[in-house]
Ligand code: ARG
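There is one chain below, alone, in structure tokens, taken in the form predicted alone.
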Amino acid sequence: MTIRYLMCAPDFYDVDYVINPWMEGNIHRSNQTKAKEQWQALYDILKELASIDLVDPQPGLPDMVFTANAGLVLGNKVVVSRFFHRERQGEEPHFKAWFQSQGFETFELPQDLPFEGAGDALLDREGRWLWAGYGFRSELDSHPLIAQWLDIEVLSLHLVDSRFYHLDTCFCPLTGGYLLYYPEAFDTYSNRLIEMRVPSSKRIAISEPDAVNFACNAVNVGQTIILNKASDSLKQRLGAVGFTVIETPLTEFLKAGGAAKCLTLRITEPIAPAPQEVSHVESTVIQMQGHLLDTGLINRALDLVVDAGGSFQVLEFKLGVQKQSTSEAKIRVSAPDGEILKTILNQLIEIGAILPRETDRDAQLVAVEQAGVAPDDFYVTTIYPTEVRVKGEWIRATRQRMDACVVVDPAAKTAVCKLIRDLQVGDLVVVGVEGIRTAHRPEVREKSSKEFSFMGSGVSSERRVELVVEQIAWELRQIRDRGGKTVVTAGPVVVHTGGAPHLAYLIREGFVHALLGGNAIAVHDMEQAIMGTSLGVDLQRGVSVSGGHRHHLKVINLIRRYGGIKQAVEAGILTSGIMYECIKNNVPFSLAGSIRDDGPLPDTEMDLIKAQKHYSELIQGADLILMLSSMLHSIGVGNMTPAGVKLVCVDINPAVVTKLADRGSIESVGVVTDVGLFLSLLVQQLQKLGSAVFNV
């Protein structure tokens, strides 16, 4: 089949308005002559590789040159675009008429359902599925219709950086199953979806400098990639896997937020060998009632949906006519999959939303099968009063508290909040989100404008510590090589600051011979290893994940189900991280519990007398103790460590470092810095030492 592309000459192209960040400051600053030269150069290059059709440009439609947004073509079918901005809506009838003149079967979305064609929908080059973007120009609810009309599986990707407002600005499927993309343009869920579908060997992630030059906005024909500009390193990476890169400057079109891919639409997309209509998008309807406008509650709810990666449509809104009157709203909420929808619904329920179908559905109850282990998908309580629907009646839960389960006795018509560890076999625990509602006073709603989350503050500054790190690295190497003993006391900040992989490296390479800490260091290390977050924060992107504040509880519950950390490793549930390396390398550890601990983990010793004894046993014979951002555990260890043992205390808080140094031991070293930075530098230095020894 001859490959065909649709293009539109830039006869009327200019930057006449601002509908994306690239247009700001560029109104009427495009050079018409230069734009035509750049377009013609792209046309000439592409003409050597494929056949090109032209659609007539129209006056007053300067962005019609970006034909990628005309529609989405598959076989002889096309879903014509519904533009988000009115400035481009005039293009729709012209593109539709062209498609119909060429014999395509056209499909049109409802007027209020934006979808911007192949700018936001890119076919996998192997014909396996369709990647569809949403968040700025296209609506998530368009994806199920596209899946149905084109009979293809649709994978929804949430765009979160307004500079990359269309999927094709940051994402380019390539021949052979390769993918050129900018991960920072997507949310956590989307990045994980990409990683699940595209093997690491075929993912070509680019840096920001390449991204802002629109390196992903490329035209791929066979083994040829045509783009505006790419760094030497990116061209080398693409060349290494068999691609030839052709650069052609398109700077005039970057002023409007487009480049090579935006200027073309492939209109000979083959049908996949095994078509299958699949959309993972799930929807439900919620209902809200109260002073929705004056308290800002409706805005908060809609923002919550969007921020969590979902989409909404207000189906009905009844505004209260007087100050004392309440308003009512019915909203359809959609999400790219069922798990994200559950997360969104949980958060909406926390601010007072209910599901309309709850009028005839009780809460779902599942019996506890193992003491101290909740059923899957258990409802996690908040600080707000919680009501459960049991046999048609709403029952207020007693002992209200955060991070608990709700245990129901249907016969007695009672509900009580219980911690996971207090669950007994046979307890009926509420699961899911049906039959649950929370009660808020209006004044509480008004004050609670921010979503509940952990770790909202910024990161403190640090000073250079390379010289101290070199000394410590040399000492660690000497201790290991002579068969000595190094003990590490670590707090959860190690995980929060990104230091967990570095500490895991130290354990794996034999630099650590015992680990001391609390419940938290193990919980958040395993949360990161299993769920990719620490206290609900995606450490790679530094942003909170919606619903992530529950992750640590789910990990605790999972480990409790298997009976302990070692059993989880043996079962293949835990496959990386600090605790994993301790188990795999037979490094003993002691987790001392405290009154603050959730769960706790089965491995955590809640009898502090026993924990102190175990700590004392593990530090016997230590040559060096490395204390990493754990004030209470470090001070406790310091108080039971004899003189002659070298102590290295690393903490961002100078008071902690001073406290340890004041013990009077001349062997104490204090390092006031970010522990994640310290560990990163330490590992780098140890690797240099290893290379130096090897070279000798």
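Heads up: residue numbers just count along the shown sequence, starting at 1. Keep in mind that what you see is a predicted model, and the values were worked out from it rather than measured.
What comes next is about the form predicted together with arginine (ARG), which is not displayed.
- When arginine (ARG) is considered in the model of the complex, residue 165 lines it closely, a heavy atom lying within 4.5 Å.
- In the model of the complex, residue 681 stays away from arginine (ARG), with no heavy atom inside 4.5 Å.
- Contact between residue 548 and arginine (ARG) in the model of the complex is not found at the 4.5 Å heavy atom cutoff.
- When contacts are judged by a 4.5 Å heavy atom cut-off, residue 138 does not count as touching arginine (ARG) in the model of the complex.
- This chain lacks the partner; the member of 485, 94, 554, 88 within 4.5 angstroms of arginine (ARG) in the model of the complex by a non-hydrogen atom is 88.
- Taking a 4.5 Å heavy atom cutoff to arginine (ARG) in the model of the complex, the contact residue among 156, 81, 534, 169 is 169.
- Using a 4.5 angstroms heavy atom cutoff to arginine (ARG) in the model of the complex, none of 310, 333 and 433 count as contacting.
- None of 502 to 510, 294 to 302, 558 to 566, 258 to 266 except one has non-hydrogen atoms within 4.5 angstroms of arginine (ARG) in the model of the complex; the exception is 258 to 266.
- In the model of the complex, not one residue of 226 to 248 has a heavy atom within 4.5 Å of arginine (ARG).
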